[in-house]
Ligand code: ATP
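Let's start with one chain on its own, the form predicted alone, as structure tokens.
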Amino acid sequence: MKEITVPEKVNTVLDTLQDAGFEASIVGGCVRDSLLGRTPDDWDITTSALPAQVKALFRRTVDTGIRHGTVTVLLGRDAFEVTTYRIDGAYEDGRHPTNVTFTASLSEDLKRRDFTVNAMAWDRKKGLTDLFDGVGDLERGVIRAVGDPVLRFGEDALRMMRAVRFAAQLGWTIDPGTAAAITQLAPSLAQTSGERVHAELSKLLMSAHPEEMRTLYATGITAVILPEFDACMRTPQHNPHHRYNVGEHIIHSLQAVRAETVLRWTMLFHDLGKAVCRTTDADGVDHFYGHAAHSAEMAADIMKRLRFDNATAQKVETLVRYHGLEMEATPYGVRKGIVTVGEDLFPLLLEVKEADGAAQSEYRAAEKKARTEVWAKIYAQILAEGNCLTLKDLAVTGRDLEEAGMKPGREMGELLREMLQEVLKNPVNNTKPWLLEHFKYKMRKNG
């Protein structure tokens, strides 16, 4: 284990509290990450001082969660959460205690925390306080609940997803007793808000081990939060292009794509519709006609359920809908593809296609990979040449058509789109004189 080094401002908070006669330690994830040799994102502090006493010791504070004992101390531009030792009351809503009791005992405070690796405290005077063998679990690479896992998960059902997410982020395993409790209590996640589920699932997907989706499935978590994925895990793909069932194909595609939010969510959703669209022909070969459109519709519904922001949802839905888009390996074919998907999303589409192919069988794999590489080269050429791809890049505008005598209306919009199709085929024709001359007969007809 690494030595713990605390930033100067954190030591200032600890020293101020301790010099006033109170206990104070860093606690939780910052201790865990420090022991692992990682730089913590946040430095949380726990203390025997009551919130009012903390506020009296520091010039600038914010009552972040004062009912639950948390005061944020501001030092310059940095903020540090300082929380009074507490004992939680009953968790009637499966998330928040109905009341908290402040205590002078650090051990009582640590008992209420979720996992052993998050239930350690440290300060310069006493060193490490580790009541539940968190260091041992760090060394073994194990996620284990503090005390009775059934009680811990009964307090906050989302802790079950957090256990799997930590395993994914750290590359660890889950303690058998903790895993058994997750399997037992997974149905209680039905009461958890879409926002919280979204946040935890996103962290898992963005981790180095998105294949932990298998653990969410095996413990029954996805049956509650994403039953569409469970249907995929039960859907075979008897087809020469595939070597896995639909769910396993999705997992392998997640591993094959880089850790970017839109890409990872797209790969999770891209084939969900296959469970609905599967048909088997007389030769026993499975087909999934129309699955991309079905997957996009399902993805849209799921993203509403999980409270996605509109911008991300729109990007993911578009990539899912067009993940199977076929294009001619020509500049015109790729330009049409860019117009279909959107300039901003097209490079992501190429990554989606590459990951999708990497998760398929070896059948025609080299051919698929080569085709994607050709599309990428043509795309780079199109960017380098600055080809017109949208109406805003067209050399002719609606005002130009009006000045040429054409009346505004539906026909004008149709003509501009015709001009765009022309310059998609022949970029050199994107000049005002050429376009006005070439389409003048249509303008006269409308004039």
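A residue's number is simply how far along the shown sequence it sits, counting from 1. Only a predicted model underlies this, so the values are computations on that prediction, with no experimental measurement involved.
Below, we refer to the form predicted in complex with this ligand, which is not included among the displayed structures.
Asks: Report whether the minimum heavy atom distance between Arg144 and this ligand in the model of the complex is within 4.5 Å.
Replies: Arg144: no, not in contact with this ligand in the model of the complex.
Asks: Is Gly28 close enough to this ligand in the model of the complex to count, meaning some heavy atom within 4.5 Å?
Replies: Gly28 belongs to the contact set for this ligand.
Asks: So in the model of the complex, is this ligand close enough to Asn118 to count as touching (4.5 Å, heavy atoms)?
Replies: Flag for Asn118 set to yes.
Asks: For Tyr85, is any heavy atom within 4.5 Å of this ligand in the model of the complex, or not?
Replies: No, Tyr85 is distant from the partner.
Asks: Under a 4.5 angstroms heavy atom criterion, identify the one residue in Arg113, His249, Lys315, Arg335 near this ligand in the model of the complex.
Replies: In short, Arg113.
Asks: Only one of Glu212, Asp156, Glu351, Asp123 gets a heavy atom within 4.5 Å of this ligand in the model of the complex. Which one?
Replies: Comparing distances to this ligand in the model of the complex, the residue within 4.5 Å is Asp156.
Asks: Exactly one stretch in 28 to 36, 51 to 59, 392 to 400, 376 to 384 has heavy atoms within 4.5 Å of this ligand in the model of the complex; which is it?
Replies: Within 4.5 Å of the partner lies stretch 28 to 36.
Asks: Is any part of 166 to 203 within 4.5 angstroms of this ligand in the model of the complex by a non-hydrogen atom, and which residues would that be?
Replies: Those in contact are Phe166, Arg196, Lys203.
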